[in-house]
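A single chain, nothing else alongside it, follows as structure tokens in the form predicted alone.
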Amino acid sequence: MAISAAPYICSMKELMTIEKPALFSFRECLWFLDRGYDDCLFRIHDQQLTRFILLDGKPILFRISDAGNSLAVHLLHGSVSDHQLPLLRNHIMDWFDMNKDLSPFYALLQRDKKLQYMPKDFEGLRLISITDLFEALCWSIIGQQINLTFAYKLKRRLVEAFGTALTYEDHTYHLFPSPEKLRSLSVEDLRPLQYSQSKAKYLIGIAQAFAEKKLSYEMLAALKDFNAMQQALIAHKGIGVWTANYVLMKTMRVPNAIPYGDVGLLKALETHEIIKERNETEKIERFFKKYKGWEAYLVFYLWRSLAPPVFQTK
């Protein structure tokens, strides 16, 4: 579905500023979002981030830019009422995990001889969220057993074929397809997009679970216990332990939801000489115990370590 491309009179209206917390780097966060992969759900250009979302059920296009000690948020398309401003603020702050105080995590890193370089080299990097649980689960299923480059291609094909699109200033922005839309599809609809039969079945099945209210963010959040959340997810076909833990880490922000077996994580552990063999599960578990309450952040920073520092100043 396409939305009218004509910008409103309020184009580029500044909606708000959001004060940066301590140990926050917008540039470092943008680097993680823009690692050379073709993500179709936002655009980064000239150190500005533009995103199309549903806010309170209505589509808006907004842009975030660095404004010194704060982030400036401009409205490009759509309308935001005064009572909706806190919703947008909370969405952005949750996306960038801006309510988290990183100083205890950095103190742990600085006591670790192998990782003590991280607070300086990656200062201000936040655990970037996938705020929508349905999107996070679909993305995890799409990425199973394939490389990231191909996974992003598959996601783009799905989004462009079945999502909502908005063209603004010669660039098209997208919303991830709704559960109701994906639920209405058949395996045959997805096969031309190079989805395997099993992946297509899993995506449609998860969409059906959401559409029928058998799975939701609120349902998982009410469980509170990590094991209960994990079991609620893996009860659905297509969701294994890795997928459940990844989503609990990225969307629910469960600190000890470690995606064990992740190839990038294992590579980083080898690089830092924390393990010699990838099957050394006891060593890995002992290592993460030193970072209790910060396991998910440690995973994120280990992923970040696979690429060299980009910015010398934040």
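Sequential numbering from 1, following the sequence displayed. Fair warning: this is a prediction, and the values are worked out from it, not measured in the lab.
Although it is not shown, the form predicted together with the DNA is what the next lines describe.
In summary, among the residues Asp34, Asp66, Asp262, Glu280, the only one with a non-hydrogen atom within 4.5 Å of the DNA in the predicted bound form is Asp262.
Shown alone here, Thr243 lies within 4.5 Å of the DNA in the predicted bound form, counting heavy atoms only. Although the partner is absent here, Arg89 is not a contact residue: none of its heavy atoms lies within 4.5 angstroms of the DNA in the predicted bound form. Although the partner is absent here, Phe162 lies well away from the DNA in the predicted bound form, with no heavy atom inside 4.5 Å. When the DNA is considered in the predicted bound form, Ser186 lies well away from it, no heavy atom lying within 4.5 Å. This chain is displayed without the DNA, yet in the predicted bound form the stretch 243-251 from 50-58, 243-251, 284-292, 22-30 comes within 4.5 Å of it by heavy atoms. In the predicted bound form, Gly143, Gln144, Gln145, Ile146, Asn147, Leu148 are the residues of 124-148 with at least one heavy atom within 4.5 Å of the DNA, listed from first to last.
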